[in-house]
Each structure stands twice: as C-alpha cells, then as structure tokens.
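One chain comes next, on its own, written out as structure tokens in the form predicted on its own.
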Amino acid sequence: MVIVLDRNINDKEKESIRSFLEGKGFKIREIVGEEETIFGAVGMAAVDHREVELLPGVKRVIPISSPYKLASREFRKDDTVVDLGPVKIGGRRVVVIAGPCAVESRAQILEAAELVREAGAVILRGGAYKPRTSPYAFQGLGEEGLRHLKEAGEKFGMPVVSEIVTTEHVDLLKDYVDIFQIGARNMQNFELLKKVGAMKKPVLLKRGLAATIQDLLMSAEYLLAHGAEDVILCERGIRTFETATRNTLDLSAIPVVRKLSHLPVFVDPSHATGLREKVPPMALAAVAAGAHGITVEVHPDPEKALSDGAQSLYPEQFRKLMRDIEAMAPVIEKEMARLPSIAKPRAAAAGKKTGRAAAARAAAAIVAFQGERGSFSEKAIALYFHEEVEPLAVPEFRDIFEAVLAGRARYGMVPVENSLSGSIHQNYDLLLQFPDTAIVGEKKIRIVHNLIGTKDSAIEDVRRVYSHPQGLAQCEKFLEAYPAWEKISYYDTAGSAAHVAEAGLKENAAIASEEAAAIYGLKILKPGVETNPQNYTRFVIIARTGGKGGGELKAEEANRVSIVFATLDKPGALFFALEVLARRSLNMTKLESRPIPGKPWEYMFYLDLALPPDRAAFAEALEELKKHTEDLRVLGIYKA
C-alpha cells in the first residue's frame, strides 16, 4: 500500500507509522516528492488500510492492486531518474549505451570506447562473461575483460555496464561495473535477482525471450524488493514465428510499460533484429515511441568480432545514428544526454556518492526565466539543463538580465524568436542594453498548447478561456469552433493556468503547457489545440561575461556566433559589411534590424553566423568588419 503523509507531520509521528507497519511485517520505502512524502509498504502481511488511515500524520492510504508493488505506477507516480554521476537516466533525456558485444582485448575496448564516446554515447557496454547458445562459441575474457572495460570507462569518463550470468560473480563484478546487466536468459533467475538486488547498484534488466510485460515487471520487483533502488527495464525483442529477424521487437511494450511503471525503459535494437542495417531504423523508432534510451552494439571492425558481428554497427553507421537521434529529439521534446566536456578519472565504486555530490553542486545553479511556473521558458530550462538547476521565475524579461548581473541567477533563459510570430524584439534590445551578459547556449522547443480546466470540469462546461495573446492567436482555428467562449488575454500562458486553478471555476479554462496543468493540479480537456504544429520557439541562454556561466563549453565545441553592429552613414554600408562575411564563406543564419533608441531612422543589425572550424576566418572577418561598422560587438559564441 501507499501511505501519503501529512505535509506537517513531525518526526515522532513518522517513526510511529514506520514502527507500526514494520511490526506488521511490512518493508518500508520512503519517497520524498515535490508535492508530498509517501511510505511504500510492501510484503506478505495483511492489514486493514482503514486502521493505517487512523494513525496520526497519515493523510490517506492507497492500496496497490498490481502484483508488482514497488515497480508500479501506483507506488510512484513520478518517473524514476537513475543517477550515475555524469549521466542521468530517465526524464526528458535520451541516453545511449554503446560498445562491443564482448570485450575481446584491451586495445579493442579502448578503441571502441573512444569512438562511441566521440559520437555521443554516454555509457560504455562490453561483455566479460558471455552466455552463448553454443558451448564452443567465445565465452568472454572473464575478469581480464572486466579490468579492460573499467580502464576504458575511466579513461573516457564513461560509466560501464556488463552482464552478470551467475550468483558466483556478484562480488567480483560490483567492483568493476556501474550497472549490472541481467540478460534475457536470466530474467527469471530469481536467486540471481535477489543477490544482485542486495548490491543496491543500478541494474539493466532485459526482457526474456518469451516473457510477458508482467513477467518483466515481476522480475524487476524481485530486484527492488531485495534492495535495488534503480532498475532500468530493457525491451530486446521476443520470440515469435517470424524468422526474418533474430527476434521480434515489441515497440508497443514501451508505452505500455511507461503507463504501468515508473521505471526507465530502454530498447536493444541490436539483439532484437540481429541485422546491422535494421538497427538504426529500429533505434529511431524506439526513441520516437518513448524509450528513455537505447543500447547498441558497435565494433571497430565488425567483420572480425568474436561475438555478434552481424548485428554490430560500423563506426560510421553509429555516428550517423547519433546525428539522426539528435535531429529527432527536439521534435519529441527530448534532449540527448551528454557527458561533461572534460572527462576526469573516477573511482568505479564512487557511483551514487559522486552523482549526489555533482547534483548538489549543480543545484546551486539558478536559471532565471520570465513568467510563472509551468511556462514554456521553464520547459526550455528543463530540456537544456535537465533537473540539475533551480528555475527562478521573474515578472519581466529585463528582470532576467538584472538577476544574472546581480548574481541571483547564474543563467537566464531568454526567448528571442518564434517560428510563427517572428522575433521578440524587446529581448534583442535587451541583449544590446546589457553588455556585461553574453549568449552561452541555445535551445529550440516545440510549443504545444493544451486546453486546461479544473479537475471536475469538461469541455462542455467552458465559458471563458484565458491565455497570453500569442497563445490565443496560435489556437485560433480551435477557438473558432467555440464562438460563444469569451477569450481573455493574460500576461502569461502559465499564469493563466495558475489563475484558473486559483478561481476553481468549471467554466474557466486556460491555454497553456502540459507542465502547467500538472503544477497547478488541473486537467487537460483537449491536448494539442494549436493551429500549426510547426510552432517552435528559440531561446538563448545568457550568463554574466567573465563569470562562471558558459565556462563548461570547450571553444572547439562552439558552432554559432551572434554579433551586432551599426552601419556607417554612407551608400552600400550594409552591403560592404555583409561582403566581408561572404568573402570568407561565413554562413549567415539570421539577420535582424532594430531601431537605435534616441537615433531616429538609424538601425542596429543583429547577425547569427555558423562558426566555421577555421576560427581564423572569423577572427579576420571581425577585424575587417570594424572598418565598415560602428559599435561592433560579439553577443556570444556558443553551441546551437
């Protein structure tokens, strides 16, 4: 059962509830959420839940109906995020695990680690003990392979995962790997699950060859019940009558599992298909279906692989796959997980401790945004920074810049352009007015508007709709179907949702984000009501110049530069300025003109340029531009 505790519960009451439940034979898991704290009580014991509800400090009791208690969405409504220090699994990020099927030699795994790391993978895989169908096939290098795998992971700053095949290897593997992998053949090896769960380390659990989704979740329950806190489920194909591929990849399992369980879901397209040319499309399909990540076999030379060479990607295939995932991620409102630019050696046993310390340091980074909680700006923060920062809501766009300069925020999230309504001119002016700030990053997000009402309302109850004027305009076609509704402009989309929640009237509705509905306890009456689905907003991340903001970005990683200048008062001034860029093949991706305050009919020009690998060409262009312009300034060099 799930016991929801009162907000004002004291420590004595909490311990009294725990003692009562443990005395009845339950095991207790405490989960502290943003909105409430719960006790998860699991075990064979039986107790009348009404008896628990009468205990001081108990708000309500929710019985768990599913046979898998700890793994169920009833137990934990928020998605689990697995913390591996430099990598976080779950949430909005797409995590890629890559490497060879088996560790064949020190040189091979080091080469494989380097190539997958450079392509964008964040976790290194490699088998040291290989359960093979044939007793004559390569069985792995054993502990020697684990040593090589650990060395490669430490050299390239990547957590490592390897399969465990017997209970006898548990104590050996725990010192070498960051994630235990339970293979498909061992999914229901319950003694192995018990012992691995007791290690309290992350576990990647693969679905068995003929296992149902409930079978998979019950196996996860074994791990959780015996101490594991972080279990990652992995769909890797099931046996059917089809012989065209090695297995049949059950992509429908992804949304089903995500509805039933809070655990992250991965897909292994390599074992599912068994054919390397089928791996990339199935990997992309898995991400599109909602998988939190994929695990892919990549080998420096698949033709010479000692295990599963036919399904291992060539390095160039993997690089293309990573580029394709990165291009698709924004469309499904996700972000590729990335490792820090500078990989530092780490102790394999550091695991959780290192991750918590890093998260604690990152939590100090505050990001200012304009609007209320649940705004699209806050969503951009979550997509760019993940959960590692603290959003700070401020009333006006100017307040973002002032918060950054005053040190109240390390970064600011500033919208500058919408694909439908164009540039946000006020913010272009602010970039010029605050010369001690610089652009250090960029994020584009898709704007999905939803009709949101109170929990007890239906679309038939709506009489008034609140939203930002742009929100109302961008949903014009939907609103035309309800001419009797009063459309009321509000200063912010998320603010309109907050207003509807505060008023608590069924006839009020708001047009805002899905996140706003969740934050203010509202219900989505109709999703996706925007007229044009090609609705994107571009944000820039600003930081104080000379401060810590943006310092994490290596110079060679930047690919975009923004500049601003005024032209000289002579014929062809803008032409001569742009010719400087053209002669050096500097690609201009945006040109925006803005009036200069206090100087009627004079303009500043804002330019975005693709930064070439040859930085000397850009440096030369800047020097020459000074001869043709006035007030030339670099607004930021960053990665787009």
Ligand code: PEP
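Keep in mind the model is a prediction, meaning the values are calculated, not measured. In case it trips you up, residue 1 is the first one in the sequence shown, and so on.
There is another form of the same protein, the form predicted together with phosphoenolpyruvate (PEP); it is not shown, and what comes next is about it.
The stretch among 490-498, 113-121, 253-261, 180-188 whose residues place heavy atoms within 4.5 Å of phosphoenolpyruvate (PEP) in the predicted bound form is 180-188. Residue K130 is the only one of R93, K130, R560, R538 with a heavy atom lying within 4.5 Å of phosphoenolpyruvate (PEP) in the predicted bound form. For the options K379, H292, H449, K206, the one in contact with phosphoenolpyruvate (PEP) in the predicted bound form, meaning a heavy atom within 4.5 Å, is K206. When contacts are judged by a 4.5 Å heavy atom cut-off, K195 does not count as touching phosphoenolpyruvate (PEP) in the predicted bound form.
At the 4.5 Å threshold, heavy atoms of R410 stay clear of phosphoenolpyruvate (PEP) in the predicted bound form, well away from it.
Contact check for R76: no non-hydrogen atom falls within 4.5 Å of phosphoenolpyruvate (PEP) in the predicted bound form.
Using a 4.5 angstroms threshold between heavy atoms, H271 counts as touching phosphoenolpyruvate (PEP) in the predicted bound form. Residue R236 is the sole member of 215-248 found to place a heavy atom within 4.5 Å of phosphoenolpyruvate (PEP) in the predicted bound form.
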